[in-house]
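We've got the same protein chain twice here, in two forms, each standing alone as structure tokens: structure 1 and structure 2.
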Structure 1
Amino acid sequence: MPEHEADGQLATPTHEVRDFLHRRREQIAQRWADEPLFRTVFTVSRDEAVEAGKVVVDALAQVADSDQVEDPDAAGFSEVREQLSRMGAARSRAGLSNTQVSSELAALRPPVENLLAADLEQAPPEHLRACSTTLTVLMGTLRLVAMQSALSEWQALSDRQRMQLLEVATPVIRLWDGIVAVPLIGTLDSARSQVVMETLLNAVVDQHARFAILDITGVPTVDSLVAQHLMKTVAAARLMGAQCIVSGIRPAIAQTIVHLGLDLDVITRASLADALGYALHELGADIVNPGAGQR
């Protein structure tokens, strides 16, 4: 029990926890270094894990000092935020789910609590309970901060990937003079179909394309919304003076479209090859088979 505390003159729980964290900095960091979270992230050396643990302990002490144990935005956390999110990201890269990372973070609490209980063995039970509650709250906030930063990192990653997907998923291919094609792959939502429409129309202008082929072989399902997007693209291309051909409608999709009662009022061809043949024919360049002379 700290010597500066006279009997009956106990420090507030927050300050008690702060002093405890300062006093036991080394021991806490050592114990944390053995926990799976630190052990698996800092694989190079144990000292590194201990150092990282000390930084976190210091941050916790600073938060306790500022009396903001419940506030995840407390100034003390800002320094460890990046480190925590790096640790969380490393664990999730290793294949752990959010829940597992969260429970690994929760596992950091018992060692600290045991140390606190040992330290305050002779203190009144109410005081021990109050301090222990404060510590629990503080550790809970730490967990929240770690999960917050990890989640925001994942959010940024998924935003980036969505943008990349939009760029990658809509190539406009020039098949021939005046014929462009867009092979659509994956589910069409509003955002994607907007990008498809814009890139296709721009390609129509740039390449003076009289024919635009929309190949939907890679589209898994067509519902009324997707059909509407397709029709919009076709109508916009027509307004610009290009003709759209939809190709690659799979049998199951054809059935769905009929069952839904949708009116796909466009020129359709079974495959991309057929669509190209049609467009070439319209442009006055027929494909002939030099061998048998029959198709």
Structure 2
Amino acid sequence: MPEHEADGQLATPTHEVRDFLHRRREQIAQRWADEPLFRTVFTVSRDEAVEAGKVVVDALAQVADSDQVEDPDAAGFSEVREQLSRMGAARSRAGLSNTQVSSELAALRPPVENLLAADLEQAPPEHLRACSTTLTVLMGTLRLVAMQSALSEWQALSDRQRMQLLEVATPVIRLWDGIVAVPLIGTLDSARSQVVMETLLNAVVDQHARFAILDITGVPTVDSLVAQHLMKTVAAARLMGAQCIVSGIRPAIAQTIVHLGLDLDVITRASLADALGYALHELGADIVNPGAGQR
């Protein structure tokens, strides 16, 4: 039955929806527990899905109470934002697209609308329409909040995976006692350059390296920011007591550096082998060809 305000008038649509959500909290949660979004995420027990549904219903009631049914930043949504994010991410990991996840969120609305229509069966038609519209807007905002939260979670996961790939693609090799090398292959952008710096400096500390070789034979080109970042890496390694050697500079990269007028205050060698030979010589270790002198 519709609620009435103290002056005898019908409650406002938002407050009517708020009171309806409080009254039908259990029934709504029970119906949601059978929907794919809850049933497939909360698999331990049905009671777990029901309790998760109650949390969402409480959040909707709080948003309706504040008359902010159109605001995805309403305080009431903060209580369920993390839960909605986990639910969306779980469905995404199960292979569903963003559109499919959005459809599962939209499927939560009909059970609630049916309960509202039954509750307000005796209400004036205009009041029922206004309350239905308010509920529709509220559920649409919930859907928007859920998708925003899920997209943020997916973006964070993508960023973490990207950083992991960058770290895997930037190995540090111990060539000799006191000599480490970072062979770089592929495009070198600012983000990867930062990973190179961190990885190399950590290796200098861990390996007590006196020489650090940056081999860029496999890098087709670099821009001005990356070139400057490489120079900062060289300077940082020098501050930590390691001499940095850059090997394998391609003609295109050399032209870029000259064109930009960058001051390469660094030892360079044509190849990784030449750089290693230089470092070994500086350490007092000479490479001897066993076949030399034999006739």
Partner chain sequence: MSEAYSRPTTGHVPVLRLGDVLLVTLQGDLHDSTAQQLQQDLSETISRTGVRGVLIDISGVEIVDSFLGRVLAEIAAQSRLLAARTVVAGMRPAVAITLVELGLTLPGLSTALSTEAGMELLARQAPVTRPGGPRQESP
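Numbering for residues begins at 1 and runs along the sequence of structure 1. Quantities reported herein were computed from a predicted structural model and do not represent experimental measurements. Here the rigid core means the biggest group of C-alpha atoms that line up within 1.5 Å when the two forms are laid on top of each other.
- Comparing the two isolated copies of the chain, the second one is the form predicted on its own.
- With the core held fixed, Val55 shows a CA shift below 2 Å between the two structures.
- Positional change of Ala279 between the two structures reaches 2 Å or more at the C-alpha, relative to the superposed core.
- With the core held fixed between the two structures, Gly218 has its Cα displaced by at least 2 Å.
- Core-based alignment between the two structures gives a C-alpha movement of 7.9 Å at Val182.
- After superposition on the rigid core, the Cα atom of Thr233 is displaced by 14.8 Å between the two structures.
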